[in-house]
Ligand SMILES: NC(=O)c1ccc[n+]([C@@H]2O[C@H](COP(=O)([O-])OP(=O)(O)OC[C@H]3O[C@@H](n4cnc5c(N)ncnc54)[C@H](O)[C@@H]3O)[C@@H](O)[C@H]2O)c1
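One chain comes next, on its own, written out as C-alpha cells in the form predicted on its own.
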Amino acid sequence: MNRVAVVIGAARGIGAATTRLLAEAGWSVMAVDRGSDDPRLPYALGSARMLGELAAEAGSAAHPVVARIADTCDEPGLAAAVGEAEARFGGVDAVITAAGVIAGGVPLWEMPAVEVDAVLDVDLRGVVVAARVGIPALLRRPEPRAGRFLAVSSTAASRGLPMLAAYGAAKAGVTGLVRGLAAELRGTGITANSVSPGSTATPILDESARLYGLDGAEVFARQHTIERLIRPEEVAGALVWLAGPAGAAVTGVDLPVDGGLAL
C-alpha cells in the first residue's frame, strides 16, 4: 500500500527534513506551509519558493511530494490540503505537524501581545487545527488502520526557559494535547505522539540566540551532554520511525530528541 503523509510546516527546518526522509522511505507527501512571513514576528519564515524547491528535489514519480500553501491556523485551508491528499493519493496515513515560531527575549508581561498571540496560535492552536482536520482523514482509512498523528513539541514543554514562557506554555500544551488524543483514539488503530527536540540547528534556534543576545546558536550546544547541536535530520528520523510500523506500539508519548538537554 502506498503510504501517504501530510507534513505541516514543511518549507524548512525539521518539517523539510521530515519530508525528505519520508520520501526516501517510500511515502507520498503533501508538504504544507504558509509560505510567507508572519507580520507579528520580527524574523523571516519559510517561503513558497523553499517549499516548491523541496517538493521538486525530494519527490519522485513513484513517491511524489506535492507543495501546497496553507496556514497552520487556517482550518478550512488546512482541511483543503488534507482533502487534496486523500483525493490525489487515495487516503492519508500520517499527519505530522512541525510548524513552529518563537518569540520572547523579555519577561512574559513585557512581551508584545501580538507576539504572544503568534506563539500561542502557531505552536499550539495550529496543532489543534491539524488534529481537527487530520485525524478524521486518518479515520477514513478502512480497518485495520495504522494511522499516526505526530507533533513537534520541545524540551521547553518540561523545562522552564527564561524569557520564553509563552513558547514553553504552547509546547506544554502540545504534549498534553497528544496524551488526550491518544486516549480518544483508543481502539482505532491510530496513535498520537509528540517529539521534543533540544537545541536544533534551525532558523528558530538562530532567532533564540538573537533573543538572548548571544553571538550565535552554537552557544546552545554547551547545554547538551552530546556537546553539539542536534541536526534537523535527527529529529526527523524519530518522527519517521514513529510514523512507520516499528512505532506501532507507541502512543501518548513525548519522545525527547534533546541531546541530554533535559538531564
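Predicted model only: the values in this text are computed from it and were never measured. The numbering used is simple: start at 1 and walk along the sequence shown.
Another form exists, predicted together with the named molecule; not displayed. Remarks below refer to it.
Looking at 108-116, 93-101, 186-194, 137-145, which one sits within 4.5 Å of the named molecule in the model of the complex if you count heavy atoms only?
In short, 93-101.
State yes or no: in the model of the complex, is some non-hydrogen atom of residue 203 no more than 4.5 angstroms from a non-hydrogen atom of the named molecule?
The answer is yes: residue 203 has a heavy atom within 4.5 Å of the named molecule.
Would you check, heavy atoms only and a 4.5 Å threshold, whether residue 149 touches the named molecule in the model of the complex?
Because no heavy atom of residue 149 falls inside 4.5 Å of the named molecule in the model of the complex, the answer is no.
Is residue 122 part of the interface with the named molecule in the model of the complex - any heavy atom within 4.5 Å?
Contact check for residue 122: yes, within 4.5 Å of the named molecule in the model of the complex.
Does the 4.5 Å heavy atom contact test between residue 34 and the named molecule in the model of the complex come out positive?
So residue 34 counts as contacting the named molecule.
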